[in-house]
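Have a look below at one chain only, the form predicted alone, in C-alpha cells format.
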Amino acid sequence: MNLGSKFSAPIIEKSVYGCLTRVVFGVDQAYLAEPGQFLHVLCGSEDGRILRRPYSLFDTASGTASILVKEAGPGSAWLARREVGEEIDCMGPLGRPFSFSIFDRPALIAGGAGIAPLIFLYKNMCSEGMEPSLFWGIERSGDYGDMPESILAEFQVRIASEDGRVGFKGTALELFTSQQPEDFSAIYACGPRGMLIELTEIMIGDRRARLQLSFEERMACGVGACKGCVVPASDPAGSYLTVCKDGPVFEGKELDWARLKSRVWQ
C-alpha cells in the first residue's frame, strides 16, 4: 500500500465515548503512518456527498488504523453510524506529520477531539524512551463518556474540564500555563483554532520555534490541488500554505498569526 493511496477498509471495531466514536479499520499489514497524518474518508456518496472528510489517525497497529469521529454534520454522522463489517472508502495516510527529536520535557496540548493525533504522538514518544506531559482540555466531563477515565488509567494525562468535574477546573491552556511552560523543551498542540492562536500568544518571539501545531480544517481534495484549505504563511509575506499537504502540522514560526487572528486573509 503506497502512501496516500485510495483503498477500501472494513470496520473491525467500534466504540462510543459520548460525542466521540472510535472507528478501527482493518488495513494492509504494510500500512505505515506517522502521528499527525490523517485519513480522508468518503462519507456516504450514495447520499450525494462527494467530498471526503479528514480524520487524524488516533492509532495504528499491525493491520489496523483507528480514528475518532465527532459528529459535526451529516458526513460525520453517517460515518459514526457505520457498523462492524462495513467497507469504507479511504485515502491515506496523507499530510505532514509531527517531527521530534529526543527532548527532555516535551508538552502535548489537546483541545476536545484534538486528543486523537496527540495520543498517537504520545505513544511514539514513550516508545523512544521519552516522558512527555499530555494536557487534555474538555468542556463538560460527560461529553466524552468514560473516555477521560480510560485515558487516565492508561496514560499519564492531565485533564482539564471547564465544569471542574474531572481533573483541573479550567481549559487545557490554563492547566498548561500553571505548570511553568517555559520549562518545556518543545510543545505540540491540536485543537480549535482559537486555542492555537492563544497558545502562540503565550509562546511569543523565538519561543514559537518550539511549537508544532496540528490544524483542524475542512478539506476538499486532501492533496493540495484545490487550494481550499489555505492558511497565511509568514514567509514570504502575503503567501499561503495548504493545511492538507503543507500541514496539517506546522511549526509555529511558519504561519502569519496576525492574519490568522484577524481573518483578513479569507
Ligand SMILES: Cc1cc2nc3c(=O)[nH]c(=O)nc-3n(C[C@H](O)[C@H](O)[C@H](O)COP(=O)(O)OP(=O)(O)OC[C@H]3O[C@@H](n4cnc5c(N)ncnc54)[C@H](O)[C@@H]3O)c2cc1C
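The term rigid core refers to the maximal set of C-alpha atoms that superpose within 1.5 Å between the two forms. Everything quoted here is computed from the prediction, not taken from an experiment. All residue numbers refer to positions in the sequence shown, first residue = 1.
Below, we turn to the form predicted together with this ligand, even though it does not appear here.
Report yes if all three of Val27, Glu86 and Met91 come within 4.5 Å of this ligand in the predicted complex by some heavy atom, otherwise no. No residue of the spot touches this ligand in the predicted complex.
In terms of non-hydrogen atoms within 4.5 angstroms, which of the given stretches 121-129, 172-180, 74-82, 154-162 touches this ligand in the predicted complex? Partner-contacting stretch among the options: 74-82.
In the predicted complex, does Pro232 have a heavy atom within 4.5 Å of this ligand? So Pro232 does not count as contacting this ligand.
Is there a heavy atom of Ser56 lying 4.5 Å or less from a heavy atom of this ligand in the predicted complex? Although this ligand is absent here, Ser56 would touch it in the predicted complex, with heavy atoms inside 4.5 Å.
So in the predicted complex, does Tyr31 come within 4.5 Å of this ligand, heavy atom to heavy atom? No.
Would Glu217 count as a contact of this ligand in the predicted complex, using a 4.5 angstroms cut-off between non-hydrogen atoms? Yes.
Proximity to this ligand in the predicted complex, single hit among Leu68, Ala65, Leu199, Leu211 (heavy atom within 4.5 Å): Selected residue: Leu68.
Does Ser239 show a Cα shift reaching 2 Å between this form and the one not shown after rigid-core superposition? For Ser239, whose C-alpha is compared between this form and the one not shown after core superposition, the shift is less than 2 Å.
Does Lys70 shift between this form and the one not shown by 2 angstroms or more at the C-alpha, the core having been superposed? No, its C-alpha moves less than 2 Å.
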